[in-house]
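Next come C-alpha cells for two forms of one protein chain, structure 1 first, structure 2 second.
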Structure 1
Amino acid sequence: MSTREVKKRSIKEISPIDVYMLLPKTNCKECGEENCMAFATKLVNREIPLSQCKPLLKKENENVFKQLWEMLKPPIEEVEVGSEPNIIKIGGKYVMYRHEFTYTNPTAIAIDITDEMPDEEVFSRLKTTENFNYIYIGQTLKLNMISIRSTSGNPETFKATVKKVAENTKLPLVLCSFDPPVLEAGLMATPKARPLLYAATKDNWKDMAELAIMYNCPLTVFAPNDLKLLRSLSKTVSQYGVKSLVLDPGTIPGDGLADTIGNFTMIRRSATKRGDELLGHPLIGTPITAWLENADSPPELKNWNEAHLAATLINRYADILIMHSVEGWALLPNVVLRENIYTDPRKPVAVEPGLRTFGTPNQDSPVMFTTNFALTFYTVASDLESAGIDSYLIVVDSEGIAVDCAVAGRKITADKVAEAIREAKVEEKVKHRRLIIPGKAARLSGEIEESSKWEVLVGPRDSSDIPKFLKEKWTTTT
C-alpha cells in the first residue's frame, strides 16, 4: 500500500483487519488487551494510542510504526499549546461531522488581556478566567487559555505584561502581535511556556517562522478571507521548518459572517474529505472582532454579538477562540454548547449505577429510582438537593438512556429494578418496603411489585414535583 493510498483512505474505510495485518501478531498482552485483534479494534475506534504497542516501539519496527501512523493519524493535526503539566491540545479531528465519529479536543476558549491594561484589570481578568467553572451533567466546564495582545506595539511593554501574566497563571498562553520583535520580547519573558504565536502573514512569515522554530512554539498563519493565500502560507511555513501550525482564515462579524462560515467550512472539508494536508491544521476563530464593529454600541450588545459569533464558530469547526467578554451570561451558553458537541455520539452520557444518598436519610426516608442517563440523574439529584429532601436514590443501569425511552426499549425492566434494589442493599437501611418509581415508568409498577416484593408508588413524571408528591403521599403511607 503506497503512502498516497494510505492518505486517501477515510476513517470509515479502515477496518481492524487492515491494522491487524501490520501488528506484530504475537498476542503479547503488553498493551493491556487480550490479543492483537482486540488492540487493532481499539486502535480503529481511537480508544487506545498506537504507542501502547511496545513491540512497535523497537527500532526494527520503526517503518511499520510509521506506516500505521500514516494510516491512523487524524486529517487535522493535533497541536499542543503550553508546557507540562499545563498543556491544551487542539485539533486532532478525524471527520467533518460529529455523527461520523467522535470529535476530540474540545474548542479551547482564551480570554484576552492587552499590554495597556492597568494591573488591577489584568489581575481581575486572570482571576475571573481561572475561577470560571460550571457543573453541567457531572462535568466541570472551564475556560482554557489567556491571550495576551500587544496594543502598545512596544516590545518592553509587551514583555512586562507577558512576565506579569506568566507569573500569575498556569493557563497556556497565546501571544498576539504582527510585529516579530514584539513577539520575541514576549517569548523572552517566558521562554519555556511554549505559547501559541499569533500570527504569521505574507509580510512577516519568515521572521515569525524563525521565532516558532527557535522557541519550539506552534504558529498561527493568518490570511483574512483569502484561502489561496492561507494555503500558500501554510506550505511555505511548513517547508521552512515550523512543525505545528494553526490556521486563521479571518473572523468577520456582521455582513462578513457568511464569508467567515464559508471559509471555515471549506477548509475543514478540504482536509477531511479531500485529504489536503496543507489545510489539515487546527482553526482559530477570533469572536473578539465583534468588539471592533459599531464602536458606539453599548457593551451589552457587543457581549451578545461576540457570544453569538463564538457559538457559530464552535459549530463551524473552530478549535480555539479568542474572546474579550468575561460576563458569565455571555460565556456560559458557549461552554455548554461546546460540552454538548464534544461528547461521544456512540455512547450516551451516563453515570455509574448504584445507590446515592441525599441529605441524612434514616430508616423512614423515601426510596426512589431513576436511570443512569446523566442528564436525568443530575436533574433528579438537583431537585432533591435544592428541596433538602433526605432520601435514597437507586440509579439503575439503563445503558445511559432516559426513563421513558429505557422503558419502551426494555433497557429498564422490573427484573432490573429488583436486582438493583438487592445490589444496593437498601433493605438494610430502611424499615419500610416502599419504592417510588418515575411517573414515566408507571406501566412497570405491577411487574416491579411482583419481582421485588416491594410496594410501588408511582411518582411524578417530572422530578421537580417530587417535593409536592412526598408531602401529599409519603407522609400518609408511612
Structure 2
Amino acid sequence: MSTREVKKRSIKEISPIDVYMLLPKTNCKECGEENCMAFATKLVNREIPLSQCKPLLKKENENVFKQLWEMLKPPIEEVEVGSEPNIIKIGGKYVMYRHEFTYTNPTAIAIDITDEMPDEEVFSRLKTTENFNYIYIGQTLKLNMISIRSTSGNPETFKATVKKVAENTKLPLVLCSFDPPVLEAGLMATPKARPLLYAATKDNWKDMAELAIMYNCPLTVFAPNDLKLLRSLSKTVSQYGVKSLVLDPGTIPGDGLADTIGNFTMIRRSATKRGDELLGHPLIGTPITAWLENADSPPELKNWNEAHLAATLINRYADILIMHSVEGWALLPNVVLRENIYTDPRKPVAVEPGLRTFGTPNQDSPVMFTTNFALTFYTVASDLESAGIDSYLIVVDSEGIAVDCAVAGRKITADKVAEAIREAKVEEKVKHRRLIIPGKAARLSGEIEESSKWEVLVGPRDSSDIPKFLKEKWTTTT
C-alpha cells in the first residue's frame, strides 16, 4: 500500500477554529473579511481561496501555507483541462454525498467527434455542442467539451481532425487514442491546448506518461473493471511524474452496469472516506459505450440507452462524461439532472421576485401571492398552469424560504407583501382589491389588510387546492 495513504480529515471534521489557529491572526482585513476568524469560516465553507490571505504568501509563512493547503484541499483532485481563458475544472469534490457539503464542478459533458467523420458531420456536431443552451432557473445549461477519437488509427488523419476542431472551437478537448504516436500527432496539432489525454493502459502507460509530461496535460488512466490495476497505474504514472490524473474504471453498459456503478462508488468512497489518494482523482464515465450494444438497433434506441446511462453516471460520481448523442431529448434531461444534483443543498434556491401572469387575466382575475422559494414557486405555477387559471401571482422575496418558515422567521411580513403589491403595479391591472394569500400565511391576514388596504382571502394550504378554492370562494366583490 502507498505510503501516502494517511487518513485525511474529511471536510466535516475541519472546524473554523482549526484553520484560525494556523492563520496569522493579525486581523489585517487585507482579505476583505472583518477578521481572521471570519476568513477562517469562509475558508472552511470553501467560499474564499486561501491565497486571499496576503500575509500567508510571505516566505516565512511557507510551511503554514502548505499545512493549510493540505488541510483544505479536496480529497478528489481538481483537474484543469484546456488553456486560458478556456479552462474547465473537473473533480475537486469534497464529499461523497451532496448533503454532506455540496458538489463542486458539475459533470463536464464532452461530445464525440472522430477523425473519420465527414467534415459536414464534424462541423454540425461542433455547432450543436457550442449552440446548446437551455435557460433553467436563471442558469444557462450548456455542453462543455469536445472529445476527438481516432478511429482511423492514422496519426496524420488524427492530426488533421484535431487541427480542424481546434481551429473552430474554443471548447476544451479530450483526445482519445490508445496509440501513443496517434495521440502525439493530435497534440502536435494543438500543442498548448492542454487537452485531457485518453488513455494510459497497462500496455502503453509509459509513453502516455511521457506525452502528458511533455505537453503538460492531464492524463486518464483506463483499467476497465479492474480497480487493483487502476490503482497501480495511478501510482505508477504519478510517480513517473504526471501531475494531473483522471480515472476510468470503465463504463460497461447493460449487464456490466452493476460493476460499473459499483466501481465508481467504491472509488469515491475510498477517496472521500478512507483518504486513498491513489483513487482521489476525477472519474470519467463513457456512456458512449451504450452505442456498442445492439449494433443493429435503430439510432433512437442507442440515443435512449446512452441518455439513461449518462444519468446513472451523473448520479454516481462521474466528473466528466463522453457522449455520442447530439439529440436534444437525450441531452436536456441530463443537463437538468446535473444542475439539480450540483445545486448547493446548503442554499435555498430562489426565483426572481415580481409579478407573473398565468393564462390571459383580466381586471376581474384573482391576485395571489407566494414566496420566491423556487420549489414553492414552481409548484404553484404548475398548479395554476395545469388548471388553466387566468390569474396574477405576486412572487414575494422571502430570501428563498418556503411560506411557513418565511412567516415564522419574519422573512415575509405584511409590509413586505404590501410593498410587493405596489411594485407589481397590480392595482393598475385589476379593478378589485382582493388578495388571496397562502393558507400557511393565514396569521398575517389582518396585518396585510392593514398595510396594503387590500381585502385578504386566506387561500388553501396547498396550491393544488387553488382550483377548488376559486370555484367556491372567488368573487371580485365582498
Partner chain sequence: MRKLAEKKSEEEIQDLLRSLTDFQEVELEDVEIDIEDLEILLHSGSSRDLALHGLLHFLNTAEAGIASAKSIITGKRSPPRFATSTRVARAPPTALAKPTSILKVDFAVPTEEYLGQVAEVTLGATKSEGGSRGKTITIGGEKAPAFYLFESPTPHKPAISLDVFDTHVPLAKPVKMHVAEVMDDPAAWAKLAVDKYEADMITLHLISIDPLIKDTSPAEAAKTVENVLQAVDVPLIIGGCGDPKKDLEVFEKVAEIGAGERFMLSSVTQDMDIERACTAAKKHGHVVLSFTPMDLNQARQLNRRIYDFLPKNQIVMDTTTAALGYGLDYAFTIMERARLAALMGDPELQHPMSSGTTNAWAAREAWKKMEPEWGPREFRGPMWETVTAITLLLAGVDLFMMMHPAAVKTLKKTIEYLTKGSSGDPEKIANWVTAKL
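Structure 1 provides the reference sequence; residues are numbered from 1 along it. Since we're looking at a predicted model, the values are computed, not measured. Take the two forms, superpose them, and find the largest set of C-alpha atoms that agree within 1.5 Å; that set is the rigid core.
Engineer: Given these two structures of one chain, say which is the form predicted alone.
Structural biologist: The chain shown first - structure 1 - is the form that fits the description.
Engineer: Please identify the hinge among 163, 86, 348, 312, treating the change between structures 1 and 2 as motion between two rigid parts.
Structural biologist: Among the listed options, 348 lies at the hinge between structures 1 and 2.
Engineer: Given a two-rigid-part description of the chain, what is the rotation angle of the smaller part between structures 1 and 2, in degrees?
Structural biologist: It comes to 35 degrees of rotation for the smaller part.
Engineer: Looking at residue 432, what is the CA displacement between structures 1 and 2 after core superposition, in angstrom?
Structural biologist: Residue 432 is displaced by 9.0 Å at its C-alpha.
Engineer: Determine, in Å, the CA shift of residue 374 between structures 1 and 2 after the rigid core is used for superposition.
Structural biologist: C-alpha shift for residue 374: 3.7 Å.
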